[in-house]
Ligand code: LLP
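Single chain ahead, by itself, as structure tokens, in the form predicted on its own.
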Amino acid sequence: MQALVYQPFQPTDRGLACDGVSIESIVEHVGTPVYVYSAHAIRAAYRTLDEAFAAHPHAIHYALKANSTLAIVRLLRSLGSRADANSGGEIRVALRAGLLPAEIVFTGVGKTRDELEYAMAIGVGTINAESAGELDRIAAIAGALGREARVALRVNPDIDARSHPNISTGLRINKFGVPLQEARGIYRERRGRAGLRFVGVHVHVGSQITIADPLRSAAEALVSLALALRDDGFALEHVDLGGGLGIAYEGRPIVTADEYAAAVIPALRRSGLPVVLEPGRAVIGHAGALVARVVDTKRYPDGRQFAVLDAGMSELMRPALYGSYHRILPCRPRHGPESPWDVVGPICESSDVFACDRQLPPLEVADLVAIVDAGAYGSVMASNYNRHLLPPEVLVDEDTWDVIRRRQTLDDVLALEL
């Protein structure tokens, strides 16, 4: 049965609200476009996942790649979350949020030498290595620093996550990890290598996974490897299942946190090892919305209607990048029959489209709309294309709200240019 998911953006007699706080009142102070997040939704999503795995020793390392705004990371740290970082920059954000180096897992396909040196110098909890060559580079750097790096090897089990091809990471055609059948040999060949301490095994087969089978198969494959390595004498401390749990963008039933736990815990119990989880979207996705204003409307002779917003793919890339679906909610719906609208951005690209033929009430210039379920891979992917300025971000907590990132100015952007 599909569990009820807390939805923070709801209509009220004062128009659309986030946890009861009027969106219009926020826009009056900070303008548009603006990202608005619900602290309550973040807490609820985190606790749902944490409670689902209560029957097995686990550590949740929130994936900063989903949304690394400092106040969001601080909020999650206060709930007990650790961090999964995919770059040196994300490691530094985690530290500024108050996390300890030992609470950080460093993942990423192309870690630079500078990033690895930094991660080892501060003593991150685990480096998830992507290849045999990266393990060798880690060993060399650790030796030069007089340190021992805690490492796990990411394996590619050739499992189809059945999500969008651009975010599937566990197939043999993908660039991630090493083939599962080669992993045991890589560990064995580097047993006793100075500078390396093998503490775990790692897998991540994709993002926006909506069914349990790929998650179950990945856990079973990883645990089988962990048991084989234990037979080889490796004293592993954890298995890392990565992240990937999806959210219901279109309202369709998807695997819940409880179903996810039920699918993987039987395999985890065979290992006798704690599990590391790296959720991102599942924690932050439903909590955020991009609020924008209609700046133009037009109707073609064939009846096609366009609503042009002051936000586009420079603010929310996902629809242009993946053809992804986001619900669009008018903040104060007008009276009249719904009709199909193309909701688009102002960018000079035909891919700058949020929705086509979306059934919506009448829209007029100056109306506000909220593009919801945009907490993950929204602000973090924003750019300055067409010299757009990064939008502010607001966090609603109970009946108050605060700007947690101010609107970028042109002076901020040009300060980097000579």
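Because the structure is predicted, anything quoted here is derived from the model rather than measured. Residue numbers here begin at 1 and follow the sequence given.
FYI, the form predicted in complex with this ligand isn't displayed, but the following is about it.
318 is the sole member of 184, 216, 82, 318 with a non-hydrogen atom within 4.5 Å of this ligand in the predicted bound form.
When you look in the predicted bound form, the only residue of 288, 200, 244, 312 with a non-hydrogen atom within 4.5 Å of this ligand is 244. Under a 4.5 angstroms non-hydrogen atom cutoff, this ligand in the predicted bound form lacks residue 46 among its neighbouring residues.
A residue is said to contact a partner when one of its heavy atoms sits within 4.5 Å of a partner heavy atom; residue 356 fails this definition for this ligand in the predicted bound form, lying far away. This ligand in the predicted bound form comes within 4.5 Å of no heavy atom belonging to residue 256.
Contact check for residue 322: a heavy atom falls within 4.5 Å of this ligand in the predicted bound form. Not one of 58, 238 and 265 is positioned with any heavy atom within 4.5 Å of this ligand in the predicted bound form.
Note that among 141-149, 331-339, 230-238, 205-213, the stretch whose heavy atoms approach this ligand to within 4.5 Å in the predicted bound form is 205-213. Along 271-304, these residues reach a heavy atom to within 4.5 Å of this ligand in the predicted bound form: 278, 279, 280, 281.
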